[in-house]
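Next up is one chain by itself, shown in C-alpha coordinates, the form predicted alone.
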Amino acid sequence: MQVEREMRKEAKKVGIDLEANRPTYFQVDHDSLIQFSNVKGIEVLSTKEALKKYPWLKTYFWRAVDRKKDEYTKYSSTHEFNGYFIRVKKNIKASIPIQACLYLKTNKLIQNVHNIIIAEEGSELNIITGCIIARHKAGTHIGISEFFLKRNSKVNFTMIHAWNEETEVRPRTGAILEENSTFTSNYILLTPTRSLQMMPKTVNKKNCKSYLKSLLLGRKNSFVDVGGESILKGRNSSSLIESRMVAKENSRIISRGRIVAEGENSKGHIECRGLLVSKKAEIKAIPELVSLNEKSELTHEASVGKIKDEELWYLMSRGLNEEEATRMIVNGFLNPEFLEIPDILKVQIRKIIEETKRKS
(Lines give C-alpha, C1' and ligand atoms only; values in the text may rest on other atoms or scores of the structure.)
Protein backbone atom coordinates (compact mmCIF):
# COMPACT_ATOMS: atom_id res chain seq x y z
CA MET A 1 0.00 0.00 0.00
CA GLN A 2 1.39 3.42 -1.01
CA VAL A 3 0.93 6.68 0.86
CA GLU A 4 -1.59 8.45 -1.34
CA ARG A 5 -1.48 12.17 -2.07
CA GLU A 6 -4.66 12.75 -0.06
CA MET A 7 -3.16 10.99 2.95
CA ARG A 8 -0.04 13.15 2.78
CA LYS A 9 -2.18 16.27 2.57
CA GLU A 10 -4.31 15.27 5.55
CA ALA A 11 -1.23 14.30 7.57
CA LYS A 12 0.15 17.83 7.23
CA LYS A 13 -2.93 19.15 9.01
CA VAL A 14 -1.79 17.40 12.18
CA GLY A 15 1.86 18.36 11.85
CA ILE A 16 3.15 15.28 10.01
CA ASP A 17 5.34 16.09 7.01
CA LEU A 18 6.16 12.86 5.20
CA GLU A 19 8.71 14.68 3.04
CA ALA A 20 10.72 15.76 6.07
CA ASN A 21 14.03 14.04 6.70
CA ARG A 22 13.40 12.86 10.25
CA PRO A 23 12.41 9.66 12.06
CA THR A 24 8.90 8.77 10.91
CA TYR A 25 6.16 6.24 11.48
CA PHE A 26 3.01 6.17 9.30
CA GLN A 27 0.23 3.64 9.71
CA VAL A 28 -3.00 3.19 7.72
CA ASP A 29 -5.65 1.13 9.51
CA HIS A 30 -3.40 -1.71 10.82
CA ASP A 31 -0.70 -1.55 8.12
CA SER A 32 2.63 0.14 8.74
CA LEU A 33 3.65 1.98 5.54
CA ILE A 34 6.60 4.02 6.78
CA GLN A 35 8.92 3.21 9.65
CA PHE A 36 12.45 4.51 9.66
CA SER A 37 15.00 6.40 11.69
CA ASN A 38 17.99 8.23 10.28
CA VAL A 39 19.26 9.25 13.71
CA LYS A 40 21.82 7.13 15.53
CA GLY A 41 20.51 5.84 18.84
CA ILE A 42 16.80 6.10 17.91
CA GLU A 43 14.71 3.13 16.79
CA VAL A 44 11.35 3.41 15.03
CA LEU A 45 9.51 0.17 14.20
CA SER A 46 5.98 -1.15 14.13
CA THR A 47 5.10 -2.95 17.35
CA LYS A 48 4.50 -6.13 15.35
CA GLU A 49 8.03 -6.08 13.95
CA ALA A 50 9.56 -4.95 17.22
CA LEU A 51 8.03 -7.95 18.99
CA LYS A 52 9.63 -10.28 16.44
CA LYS A 53 13.00 -8.55 16.77
CA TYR A 54 12.98 -8.21 20.57
CA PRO A 55 11.20 -11.07 22.40
CA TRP A 56 11.85 -9.23 25.71
CA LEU A 57 9.47 -6.47 24.59
CA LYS A 58 6.50 -8.65 25.55
CA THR A 59 7.19 -7.81 29.19
CA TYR A 60 6.47 -4.13 28.50
CA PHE A 61 2.95 -4.65 27.19
CA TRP A 62 0.16 -3.78 29.65
CA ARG A 63 2.51 -2.60 32.39
CA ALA A 64 1.60 1.11 32.25
CA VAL A 65 -2.02 0.55 31.15
CA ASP A 66 -4.30 -1.99 32.83
CA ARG A 67 -5.67 -4.38 30.19
CA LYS A 68 -8.79 -4.84 32.36
CA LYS A 69 -9.40 -1.10 32.80
CA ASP A 70 -12.52 -0.98 30.61
CA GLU A 71 -14.20 -2.52 27.57
CA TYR A 72 -11.76 -0.79 25.20
CA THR A 73 -8.59 -2.11 26.82
CA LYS A 74 -10.17 -5.55 27.01
CA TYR A 75 -10.98 -5.38 23.31
CA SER A 76 -7.49 -4.16 22.47
CA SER A 77 -5.81 -6.98 24.38
CA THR A 78 -7.75 -9.69 22.52
CA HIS A 79 -7.82 -8.39 18.92
CA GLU A 80 -5.41 -7.69 16.08
CA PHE A 81 -3.27 -4.62 16.67
CA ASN A 82 -0.35 -2.64 15.37
CA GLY A 83 1.30 0.62 16.35
CA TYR A 84 4.71 2.14 16.81
CA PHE A 85 7.71 1.15 18.90
CA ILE A 86 10.04 4.06 19.63
CA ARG A 87 13.22 3.66 21.65
CA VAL A 88 15.94 6.20 22.34
CA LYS A 89 19.20 4.72 23.61
CA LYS A 90 21.08 5.59 26.78
CA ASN A 91 22.31 9.21 27.03
CA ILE A 92 21.09 10.09 23.51
CA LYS A 93 19.49 13.54 23.45
CA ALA A 94 17.45 13.70 20.26
CA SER A 95 17.21 17.26 18.91
CA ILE A 96 15.09 16.24 15.92
CA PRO A 97 11.44 15.45 16.77
CA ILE A 98 10.14 12.01 15.84
CA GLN A 99 6.83 12.07 13.97
CA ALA A 100 4.12 9.40 13.96
CA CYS A 101 0.77 9.34 12.18
CA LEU A 102 -2.16 6.95 12.58
CA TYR A 103 -4.60 7.16 9.67
CA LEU A 104 -8.04 5.52 9.75
CA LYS A 105 -9.09 4.79 6.16
CA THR A 106 -11.55 1.88 6.05
CA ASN A 107 -15.14 2.81 6.78
CA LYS A 108 -16.49 1.61 10.17
CA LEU A 109 -13.18 -0.03 11.09
CA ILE A 110 -12.10 -0.40 14.71
CA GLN A 111 -8.48 0.74 14.51
CA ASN A 112 -6.68 -1.02 17.34
CA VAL A 113 -3.32 0.61 18.09
CA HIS A 114 -0.74 -0.32 20.73
CA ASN A 115 2.34 1.88 21.05
CA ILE A 116 5.42 1.31 23.22
CA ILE A 117 7.86 4.17 23.89
CA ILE A 118 11.07 3.60 25.86
CA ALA A 119 13.45 6.38 26.88
CA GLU A 120 16.59 4.80 28.30
CA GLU A 121 18.68 6.29 31.09
CA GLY A 122 19.79 9.89 30.52
CA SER A 123 18.02 10.21 27.16
CA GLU A 124 15.76 12.96 25.79
CA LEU A 125 13.01 12.52 23.22
CA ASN A 126 10.46 14.75 21.44
CA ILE A 127 7.52 13.12 19.67
CA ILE A 128 4.75 14.71 17.62
CA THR A 129 1.93 12.37 16.69
CA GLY A 130 -1.17 13.04 14.62
CA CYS A 131 -4.34 10.97 14.26
CA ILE A 132 -6.76 11.46 11.36
CA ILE A 133 -9.63 9.77 9.53
CA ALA A 134 -10.40 9.76 5.82
CA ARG A 135 -13.10 12.13 4.64
CA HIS A 136 -16.73 10.99 4.91
CA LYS A 137 -15.76 7.83 6.81
CA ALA A 138 -16.90 6.54 10.19
CA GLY A 139 -14.88 4.49 12.63
CA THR A 140 -13.52 3.81 16.09
CA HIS A 141 -9.96 4.49 17.20
CA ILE A 142 -8.58 2.66 20.24
CA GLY A 143 -5.06 3.84 21.01
CA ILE A 144 -3.01 2.21 23.79
CA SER A 145 0.23 4.09 24.45
CA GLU A 146 2.69 2.99 27.13
CA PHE A 147 5.68 5.12 28.06
CA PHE A 148 8.67 3.94 30.07
CA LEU A 149 11.07 6.63 31.24
CA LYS A 150 14.29 5.35 32.78
CA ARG A 151 16.39 7.33 35.27
CA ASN A 152 17.21 10.95 34.32
CA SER A 153 15.28 10.81 31.02
CA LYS A 154 12.89 13.32 29.44
CA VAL A 155 10.01 12.73 27.02
CA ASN A 156 7.86 15.44 25.43
CA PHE A 157 4.82 13.99 23.67
CA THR A 158 2.53 16.23 21.59
CA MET A 159 -0.63 14.66 20.18
CA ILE A 160 -2.88 16.39 17.64
CA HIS A 161 -6.20 14.82 16.68
CA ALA A 162 -8.28 15.71 13.60
CA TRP A 163 -11.32 13.46 13.52
CA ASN A 164 -14.85 13.96 12.19
CA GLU A 165 -18.42 13.76 13.50
CA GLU A 166 -18.62 10.02 12.82
CA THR A 167 -15.61 8.94 14.89
CA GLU A 168 -15.40 7.50 18.38
CA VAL A 169 -11.97 7.92 19.95
CA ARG A 170 -10.60 6.08 22.99
CA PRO A 171 -6.91 6.71 23.74
CA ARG A 172 -5.55 4.93 26.81
CA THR A 173 -2.16 6.23 27.90
CA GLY A 174 0.09 5.30 30.79
CA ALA A 175 3.59 6.44 31.74
CA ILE A 176 5.95 5.00 34.35
CA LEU A 177 8.57 7.51 35.43
CA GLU A 178 11.72 6.28 37.12
CA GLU A 179 13.88 8.47 39.36
CA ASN A 180 14.61 12.05 38.16
CA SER A 181 12.65 11.70 34.90
CA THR A 182 10.23 14.20 33.31
CA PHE A 183 7.18 13.41 31.17
CA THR A 184 5.19 16.01 29.27
CA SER A 185 1.96 15.32 27.40
CA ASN A 186 0.34 18.00 25.20
CA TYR A 187 -3.04 17.12 23.70
CA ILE A 188 -4.71 19.28 21.03
CA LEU A 189 -8.23 18.79 19.63
CA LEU A 190 -9.76 21.51 17.45
CA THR A 191 -12.03 19.53 15.10
CA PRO A 192 -15.47 17.98 15.76
CA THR A 193 -15.75 14.36 16.82
CA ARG A 194 -18.70 12.22 17.87
CA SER A 195 -17.13 11.27 21.19
CA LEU A 196 -13.68 11.33 22.75
CA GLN A 197 -12.70 9.94 26.13
CA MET A 198 -9.15 9.87 27.49
CA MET A 199 -7.36 10.25 30.81
CA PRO A 200 -3.61 9.63 30.60
CA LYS A 201 -2.05 8.37 33.81
CA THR A 202 1.47 8.79 35.15
CA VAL A 203 3.19 7.02 38.03
CA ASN A 204 5.89 9.35 39.37
CA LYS A 205 8.74 7.93 41.40
CA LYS A 206 11.37 9.89 43.33
CA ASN A 207 12.13 13.43 42.00
CA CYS A 208 9.92 12.92 38.92
CA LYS A 209 7.86 15.60 37.17
CA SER A 210 4.84 15.23 34.91
CA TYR A 211 2.91 17.82 32.91
CA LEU A 212 -0.44 16.82 31.40
CA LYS A 213 -1.91 19.62 29.29
CA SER A 214 -4.81 19.83 26.87
CA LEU A 215 -6.15 22.45 24.45
CA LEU A 216 -9.74 21.68 23.40
CA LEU A 217 -12.24 23.26 21.04
CA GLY A 218 -15.67 21.66 21.27
CA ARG A 219 -17.63 22.05 18.04
CA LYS A 220 -21.03 21.01 16.66
CA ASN A 221 -22.36 17.97 18.60
CA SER A 222 -19.01 16.77 19.96
CA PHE A 223 -18.77 15.05 23.32
CA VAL A 224 -15.26 15.46 24.75
CA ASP A 225 -14.19 13.91 28.05
CA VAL A 226 -10.49 14.61 28.64
CA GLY A 227 -8.44 14.57 31.80
CA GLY A 228 -5.26 13.41 33.44
CA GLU A 229 -4.17 11.42 36.49
CA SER A 230 -0.88 11.36 38.37
CA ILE A 231 0.14 9.05 41.19
CA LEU A 232 2.95 10.77 43.12
CA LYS A 233 4.63 7.74 44.65
CA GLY A 234 8.11 9.08 45.22
CA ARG A 235 9.62 11.72 47.45
CA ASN A 236 9.79 15.20 45.86
CA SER A 237 7.66 14.15 42.89
CA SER A 238 5.27 16.62 41.24
CA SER A 239 2.53 16.96 38.65
CA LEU A 240 0.68 19.75 36.83
CA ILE A 241 -2.60 18.94 35.05
CA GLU A 242 -3.85 21.91 33.03
CA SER A 243 -6.62 22.37 30.46
CA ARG A 244 -7.86 25.22 28.28
CA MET A 245 -11.17 24.69 26.48
CA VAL A 246 -13.83 26.45 24.42
CA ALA A 247 -17.30 24.96 23.89
CA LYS A 248 -19.27 26.07 20.85
CA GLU A 249 -22.65 25.15 19.34
CA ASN A 250 -24.05 21.95 20.95
CA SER A 251 -20.76 20.56 22.22
CA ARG A 252 -20.18 19.12 25.70
CA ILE A 253 -16.77 19.06 27.39
CA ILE A 254 -15.73 17.41 30.63
CA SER A 255 -12.33 18.27 32.05
CA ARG A 256 -11.07 15.86 34.71
CA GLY A 257 -7.99 15.90 36.88
CA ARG A 258 -6.86 13.51 39.59
CA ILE A 259 -3.69 13.66 41.65
CA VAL A 260 -2.85 11.20 44.42
CA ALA A 261 0.02 12.22 46.70
CA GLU A 262 1.78 9.32 48.38
CA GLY A 263 5.40 10.48 48.55
CA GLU A 264 6.86 12.90 51.07
CA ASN A 265 7.14 16.52 49.85
CA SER A 266 5.16 15.70 46.71
CA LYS A 267 3.29 18.54 45.00
CA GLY A 268 0.40 18.65 42.55
CA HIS A 269 -1.80 21.28 40.92
CA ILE A 270 -4.88 21.04 38.69
CA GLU A 271 -5.92 24.07 36.65
CA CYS A 272 -8.91 24.33 34.32
CA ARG A 273 -10.13 27.29 32.28
CA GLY A 274 -13.29 27.00 30.18
CA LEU A 275 -15.15 29.40 27.91
CA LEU A 276 -18.75 28.94 26.73
CA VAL A 277 -19.69 30.68 23.49
CA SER A 278 -23.09 29.06 22.99
CA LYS A 279 -26.21 28.79 25.16
CA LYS A 280 -26.49 25.12 24.20
CA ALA A 281 -22.88 24.18 24.99
CA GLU A 282 -21.76 22.69 28.31
CA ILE A 283 -18.50 22.48 30.26
CA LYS A 284 -17.84 20.55 33.46
CA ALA A 285 -14.65 20.70 35.51
CA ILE A 286 -14.06 17.74 37.86
CA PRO A 287 -10.86 18.00 39.95
CA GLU A 288 -9.93 15.33 42.49
CA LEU A 289 -7.09 15.63 45.00
CA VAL A 290 -6.14 12.75 47.28
CA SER A 291 -3.43 13.27 49.91
CA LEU A 292 -1.97 10.22 51.63
CA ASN A 293 1.05 12.01 53.04
CA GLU A 294 0.88 14.89 55.53
CA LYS A 295 3.92 16.51 53.93
CA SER A 296 2.37 16.75 50.47
CA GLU A 297 0.83 19.85 48.88
CA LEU A 298 -2.11 19.66 46.46
CA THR A 299 -4.10 22.54 44.95
CA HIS A 300 -6.63 23.20 42.21
CA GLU A 301 -8.15 26.17 40.41
CA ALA A 302 -11.03 26.25 37.93
CA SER A 303 -12.97 28.92 36.05
CA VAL A 304 -15.77 28.29 33.56
CA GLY A 305 -18.02 30.96 32.09
CA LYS A 306 -19.22 32.89 29.08
CA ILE A 307 -17.48 35.78 27.34
CA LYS A 308 -17.75 38.90 29.46
CA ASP A 309 -20.04 41.58 28.07
CA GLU A 310 -17.49 44.32 28.72
CA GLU A 311 -14.93 42.50 26.56
CA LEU A 312 -17.38 42.30 23.68
CA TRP A 313 -18.45 45.93 24.08
CA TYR A 314 -14.86 47.12 24.11
CA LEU A 315 -13.96 45.32 20.88
CA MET A 316 -17.22 46.35 19.20
CA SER A 317 -16.51 49.97 20.15
CA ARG A 318 -13.31 49.58 18.15
CA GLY A 319 -15.24 48.79 14.98
CA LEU A 320 -15.68 45.01 15.15
CA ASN A 321 -19.08 43.38 14.88
CA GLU A 322 -20.17 40.84 17.52
CA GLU A 323 -19.08 37.81 15.49
CA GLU A 324 -15.63 39.27 14.80
CA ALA A 325 -15.20 40.28 18.45
CA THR A 326 -16.21 36.81 19.65
CA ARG A 327 -13.76 35.16 17.26
CA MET A 328 -10.93 37.38 18.49
CA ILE A 329 -11.64 36.54 22.13
CA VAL A 330 -11.82 32.80 21.40
CA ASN A 331 -8.57 32.91 19.45
CA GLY A 332 -6.85 34.64 22.34
CA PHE A 333 -8.23 32.11 24.80
CA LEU A 334 -6.88 29.22 22.72
CA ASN A 335 -3.35 30.61 22.76
CA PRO A 336 -1.02 27.56 22.79
CA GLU A 337 1.69 29.29 24.82
CA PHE A 338 0.59 27.53 28.02
CA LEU A 339 1.44 24.16 26.48
CA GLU A 340 4.82 22.64 27.30
CA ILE A 341 6.03 22.51 23.70
CA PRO A 342 9.76 22.46 22.90
CA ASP A 343 11.08 25.43 20.92
CA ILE A 344 11.73 23.31 17.84
CA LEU A 345 8.00 22.54 17.58
CA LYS A 346 6.45 25.87 18.67
CA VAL A 347 6.25 27.49 15.25
CA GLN A 348 4.85 24.34 13.66
CA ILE A 349 2.20 23.79 16.34
CA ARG A 350 1.16 27.46 16.33
CA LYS A 351 0.69 27.34 12.56
CA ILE A 352 -1.49 24.21 12.77
CA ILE A 353 -3.68 25.73 15.48
CA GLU A 354 -4.17 29.01 13.62
CA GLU A 355 -5.06 27.20 10.39
CA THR A 356 -7.62 25.00 12.16
CA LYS A 357 -9.21 27.94 14.02
CA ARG A 358 -9.69 29.85 10.77
CA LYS A 359 -11.81 26.97 9.49
CA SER A 360 -13.87 26.58 12.67
Partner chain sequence: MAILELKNLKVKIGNKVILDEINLSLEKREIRAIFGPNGSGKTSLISSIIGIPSYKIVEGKILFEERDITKLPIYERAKLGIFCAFQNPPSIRGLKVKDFLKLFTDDEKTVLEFSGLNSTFLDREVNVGFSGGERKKFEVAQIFAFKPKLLLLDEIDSGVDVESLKFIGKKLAKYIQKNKISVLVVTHHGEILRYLKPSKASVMLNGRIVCSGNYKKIWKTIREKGYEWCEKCKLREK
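Numbering follows the first chain given and starts at 1. These numbers were taken from a predicted model, which means no experiment stands behind them.
Missing here is the form predicted together with its partner chain; even so, the following discussion is about that form.
**Asked** With the partner removed from view, which of 316-324, 64-72, 50-58, 34-42 is the stretch that lies within 4.5 Å of its partner chain in the model of the complex, judged by heavy atom distances?
**Response** Careful reading of the contacts points to 316-324.
**Prompt:** Pick from 304, 329, 298, 28: which has a non-hydrogen atom within 4.5 Å of its partner chain in the model of the complex?
**Reply:** Contact residue from the list: 329.
**Message:** Within 4.5 Å, heavy atoms only: does residue 337 come near its partner chain in the model of the complex?
**Reply:** Residue 337: yes, in contact with its partner chain in the model of the complex.
**Request:** Answer with yes or no whether residue 273 is in contact with its partner chain in the model of the complex, where contact means some heavy atom within 4.5 Å.
**Result:** Yes.
**Request:** May I ask you to check whether residue 310 falls inside a 4.5 Å heavy atom distance of its partner chain in the model of the complex?
**Result:** Yes.
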